[in-house]
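First, one chain by itself: the form predicted alone, in structure tokens.
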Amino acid sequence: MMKRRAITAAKYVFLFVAAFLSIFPLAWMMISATNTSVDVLTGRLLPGAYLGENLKTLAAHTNIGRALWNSFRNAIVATIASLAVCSVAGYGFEIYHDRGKDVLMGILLLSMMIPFAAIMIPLFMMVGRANLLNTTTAFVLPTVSTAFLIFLFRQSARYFPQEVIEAARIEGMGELGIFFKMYIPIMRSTYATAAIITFMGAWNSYLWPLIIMQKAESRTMPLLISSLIAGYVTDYGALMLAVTSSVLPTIVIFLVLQRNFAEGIISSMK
């Protein structure tokens, strides 16, 4: 009995330490947003009274409202476009299965091994020739179809009941009706998983926006935060406030969809 209690206590201690190490950077960042730059550099761990001053500094030197709007717009459009394209592709790969589609799926998975830096210059040239620089379209196009999301939806479609599809076809329902009225509602956890992954990837994207968003009014939050570090003197209080403003939307979205996220990952790995 004593040994079992010791093991249980050790587990709780380990989980507490792991949780503390995970949460501490986020908590320190939020606390630092209320302190001066000197307090941040000295490692102050208590909230301060300079949140308003940091907000005034941030508003005076940056257009944070515009950057937040650009990030939201780009991430939401990228998420909707990716879910629409990749879900249809994954559904088609599995429901209309044949050996040729297996070969094509293998090629798509191999494409994940190609680093983005290798295709960045050709993509930039294509976007420039199409006069799409500083636009949401240029931001979204490279991420509309990704091998990972197609594979995720394909694996989930593998466990979609074939009997349901056959019964719907016998009843006269078309393929689009089956997809929109039956597949999407049943696979909502997979859609939530894909939405979280895509939104966070688009929100935190830095390299591609750095290349194509060449105007100040087109900056996203990662670019704005980078500009705060680029000067000779960095106001770390304002910087931490900007980082906190950038992190909070992703935290909220993840907390709202976390249950469906876990279900989607589990269903795709069965």
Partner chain sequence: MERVMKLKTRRSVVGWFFVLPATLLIFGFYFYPIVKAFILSFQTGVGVNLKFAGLFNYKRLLADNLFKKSLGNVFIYLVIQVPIMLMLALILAQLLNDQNLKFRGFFRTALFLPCATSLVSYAIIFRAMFALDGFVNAILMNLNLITRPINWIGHPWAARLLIVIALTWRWTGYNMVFFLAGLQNIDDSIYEAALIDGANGLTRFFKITIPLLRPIILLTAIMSTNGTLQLFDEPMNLTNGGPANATLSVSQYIYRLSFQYSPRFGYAAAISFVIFALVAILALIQMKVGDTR
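What you see is a predicted model; the values in this text were computed from it and never measured. Positions refer to the first chain, counted from 1.
The discussion below concerns the form predicted together with the partner chain, not included here.
**Student:** Would you check whether the partner chain, in the predicted bound form, lies within 4.5 angstroms of a non-hydrogen atom from each of G43, V88 and A117?
**Tutor:** Yes, each of G43, V88 and A117 comes within 4.5 Å of the partner chain in the predicted bound form.
**Student:** I'd like to check something about M187: if you look in the predicted bound form, is any of its heavy atoms closer than or equal to 4.5 Å to a heavy atom of the partner chain?
**Tutor:** Judged by the heavy-atom cut-off of 4.5 Å, M187 is well away from the partner chain in the predicted bound form.
**Student:** So in the predicted bound form, does L104 come within 4.5 Å of the partner chain, heavy atom to heavy atom?
**Tutor:** Heavy-atom contact with the partner chain at 4.5 Å: present for L104.
**Student:** Is W69 close enough to touch the partner chain in the predicted bound form, meaning at least one heavy atom pair within 4.5 Å?
**Tutor:** No, W69 sits far enough from the partner chain in the predicted bound form that none of its heavy atoms falls within 4.5 Å.
**Student:** Does any part of F199 reach within 4.5 Å of the partner chain in the predicted bound form? Heavy atoms only, please.
**Tutor:** F199: no contact with the partner chain in the predicted bound form.
**Student:** By the heavy atom within 4.5 Å rule, which residue out of L108, M182, I80, A167 makes contact with the partner chain in the predicted bound form?
**Tutor:** If I apply the 4.5 Å criterion carefully, the residue I get is L108.
**Student:** At 4.5 Å, heavy atom to heavy atom, what parts of 175-211 sit next to the partner chain in the predicted bound form? List them in sequence order, or say none.
**Tutor:** E175, L176, F179, N204, Y206, L207, L210, I211, in sequence order.
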